[in-house]
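You are given structure tokens for the same protein chain in two forms, set apart as structure 1 and structure 2.
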Structure 1
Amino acid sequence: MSKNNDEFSRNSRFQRFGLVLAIIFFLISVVMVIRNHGGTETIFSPDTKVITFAHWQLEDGFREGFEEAIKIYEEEKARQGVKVKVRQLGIPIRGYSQWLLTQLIGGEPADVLELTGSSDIFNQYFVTLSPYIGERNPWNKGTPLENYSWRESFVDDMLASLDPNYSEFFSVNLFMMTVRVYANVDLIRKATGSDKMPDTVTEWLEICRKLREYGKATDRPVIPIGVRGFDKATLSTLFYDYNAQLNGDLSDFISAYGFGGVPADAFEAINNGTLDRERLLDPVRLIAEIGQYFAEGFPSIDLEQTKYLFFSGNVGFFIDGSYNAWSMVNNSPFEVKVIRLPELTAAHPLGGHALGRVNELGSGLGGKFGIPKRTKNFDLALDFLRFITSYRINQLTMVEHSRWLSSLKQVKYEGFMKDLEPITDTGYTGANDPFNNGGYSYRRVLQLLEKIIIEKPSDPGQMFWEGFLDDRPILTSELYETVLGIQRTLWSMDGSRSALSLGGSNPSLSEEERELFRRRGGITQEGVTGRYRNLDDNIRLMREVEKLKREKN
């Protein structure tokens, strides 16, 4: 009997414990549900609307900036008699694409989302903003952007937001980015006896040479130029920038259709003898020279490793986007100066026809945010999107908290952020790089550059040219896929045309609504010729690349 009583007592305690656990988990769930729905104010206040704002930007300051912005928004809306709670969701970038798709397909997406993915995803799931971008942003009242339309308030007039496949605006950009060089002043001073920063490539290479010598003399593993090797970002940046400095003037005459040009134009000019191919290979020779100051094994060093090496005090210069500027300056235990990529001048053997730095106005826009079609709170979502891209709030979140450049016009920068401002005092824009046709073939081009840096051939230009020609089948195959993609887009565009045409013919529409459909239809059809031009350019590129010869003309 006693034994049975003991057993009963043990079972009873176990069951009680289980019951307590169940109650605890239930209470935790209730708390989480209440929290996820905006807090007790929302649960007990049915007229409070909750909107969710989701992104993958987990960098220092971003979320904090938006928490402050959200508080201001909620207060401002309360003053307007609108009860709203905004929930911010930060999702790690690795899982963001998957999470986003699940949200969009599952039918309960956040109300304002950071966009990633293809044009088809944007077209299918996101609201087109073109009906709204011509209106003024009401949140800009009392600011220098008060009289600008929402579109015009952006530094690039929303050019970067335009989807090239659907000729539509599915998002707005929150920030701008420039590329800069972060210099370890202490190390440079020790190596050169001076803290004068290089302005030209010649000066830069000389400092790099002294850094290397200093490393050998002191038995320190000094790396003159730290790079993001693993994702090839640094090589891509250097190749683009120095191609622009050397060949930016090609935009003045290479294309039959206007300013700029496409890769097909350059190769056609080489084939018909009007362009010396050596011009296109000079940037390769320059990169090969600069690359001698990268670390051993640089192709496998990623961003975090390079930043670690930099913070350890052994890297002289690190090239990266301005989004890392504050982190680099603030977290380094030594003085860091932010400088522009050095300018190629006539002092360098390759700089005889160099044009100088290119202007960065209107480039480097990022942080696309849009509204999914399935949002249950469209008006509030649009209002919030306008709010976070308004003059005061965008500076609060981007400049003050994140220390990033704003995507808006008329923003004044102070302190170290002035060093990040876009270059505007030159007359040349970035040049079209004929070797960059996107995709895997461009990755092969960057791998070729890596190989040239490592193997140090006597003629880097010729080695590059031959490697590029060896990869013609890969490039042609990709271009063919691009052509097919454009044809698919033309089909989808006709779907848009049809939808807008039928939508606009509804007799119950107001004049304003009808005009909106007309305008959206106009945007779609204005994109048709552009698609045909892309098609023709890609076909021409395939033809011209096939005709290129290995030997010099």
Structure 2
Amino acid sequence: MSKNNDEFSRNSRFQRFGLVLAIIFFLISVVMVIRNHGGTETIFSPDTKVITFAHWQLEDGFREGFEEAIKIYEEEKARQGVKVKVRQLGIPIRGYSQWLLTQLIGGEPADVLELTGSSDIFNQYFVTLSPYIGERNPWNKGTPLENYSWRESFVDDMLASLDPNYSEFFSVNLFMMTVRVYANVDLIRKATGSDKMPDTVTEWLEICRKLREYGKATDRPVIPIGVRGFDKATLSTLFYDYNAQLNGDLSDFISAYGFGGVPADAFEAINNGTLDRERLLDPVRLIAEIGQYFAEGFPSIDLEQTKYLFFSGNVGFFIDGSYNAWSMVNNSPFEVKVIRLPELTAAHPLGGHALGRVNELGSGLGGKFGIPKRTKNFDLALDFLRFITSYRINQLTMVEHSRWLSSLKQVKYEGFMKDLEPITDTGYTGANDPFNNGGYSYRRVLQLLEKIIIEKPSDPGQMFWEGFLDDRPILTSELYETVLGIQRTLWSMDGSRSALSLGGSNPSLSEEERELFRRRGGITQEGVTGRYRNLDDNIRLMREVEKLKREKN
């Protein structure tokens, strides 16, 4: 009997414990529901509208800046007689893509979202902003951008926001990024006896050589150039920039249009003997030379590890985006100088035909934010999107709090941020990398560069060329899938064009509505034309890649 009582007592305790847990979980759920709907003041004020602003930007200053901006927005709307509660939601980047898709498919996403993913996702789930970008941003009243349209207020006239596959604007950009070199002035001074920063590649390589010698002489683990090796971001940056400096003029003569040369043009020129393939391989040789000053085992070093090594005083130069500038300057226990990526000149053996630095104006815009179709408060979400891309608020959030470059025109910068401003004193823009023709080829190019730096072949260019040709079967397969995707998009767009043409002929429409149909139809027609050219380019590329030879003619 005593045994049965003990069992009954234990079961009762477990039941009570389970009941307590259920109550705790219920209370937590209630709290989260209240929080997700704007707090208790919203629950008890049903006429208050709630919108959610979600992103993955967890860097210093970003969330704090938007907390201040949100407070201003809520106060301004209250003065207009509109009760609004904006909830900011920051999601770590590692899980953001999955979270975003879950939100979109689930049907109750945040009202203003940072975009990531494919054009098909944007087209299926996000509102096109094309009808609104020609209007003025009302939040710019009384600022230098007051008389600009929303589109014209951006440094690139919103070109970075245009989705090339659907010829639509699904988003707007909040900030601009440039690539800079962060230099440990104290370490460089000790190694070279001078604090003069390198302006050319030749000077840079000489300082790197002295940094390595200094490390050996002092038995110190000095790394001349710190890199983001794990995600290969540094290799990508170097290859893009120096390819542009060496080959930015190719479009002038390999393209039938005299501009905007595509990979098919470059390989066709090689096959018909009008272009020396060595020009395309010179950037590889330069990266191989620079890469000898990376750390041993650099492919496994990620961003945070490199920043730690830099802060510890063991890295001379670190190449990264302007989004890390405040962290690098503010957290380093030594003087940090922000410089441009050194220029390739005739002083270097490969620099005989180099063009100099590339124009950065309008490039590097990031932070794409859009509005999902399932938002319950579209007008308010659009108003908030305009608010955070207005002259005063964008400077508050991006410049004052985050220490990032703004995506807007006529913004003034001070202090170290002036060193981050885009290069505008050159006429050359970024050049297409003919070896980058899709996700697979992009990864393989970086893997080949990595392999060349590690193995140190006698001719890095030839090794790269042979590796590229070895990948032709997979590259061709990827290009074929791209062609099929373009064809599917063309069929869809042709249907949209027909629908817009038919819709615009409706006699019940106002002249303003007819103009909107004509404008949208024109944009769609431009997209159709561009895709047919893109289709031809990819088919030509498959044909020309197959003709490439391993040895020079």
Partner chain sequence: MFQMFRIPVLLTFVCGAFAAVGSDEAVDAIMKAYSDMNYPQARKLAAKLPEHPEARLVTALCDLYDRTSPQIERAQQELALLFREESLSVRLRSEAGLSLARTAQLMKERRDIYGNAADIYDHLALFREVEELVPDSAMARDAFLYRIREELEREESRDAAFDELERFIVEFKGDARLLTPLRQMAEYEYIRLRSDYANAVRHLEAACAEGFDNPSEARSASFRLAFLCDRKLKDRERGIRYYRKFISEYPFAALSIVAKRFLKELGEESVEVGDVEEQ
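No experiment lies behind these values; they were computed from the predicted model shown. Here, residue number means position along structure 1's sequence, counting from 1. We call the rigid core the largest set of C-alpha positions that still match within 1.5 Å between the two forms.
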{"property": "Form predicted together with the partner chain - which displayed structure it is", "result": "1"}
{"property": "Large Cα move at Asp494 between structure 1 and structure 2, threshold 2 Å, rigid core", "result": "yes"}
{"property": "Core fit, then Glu513 C-alpha moves 2 Å or more between structure 1 and structure 2", "result": "yes"}
{"property": "Gly503: Cα shift of 2 Å or greater between structure 1 and structure 2 (core-aligned)", "result": "yes"}
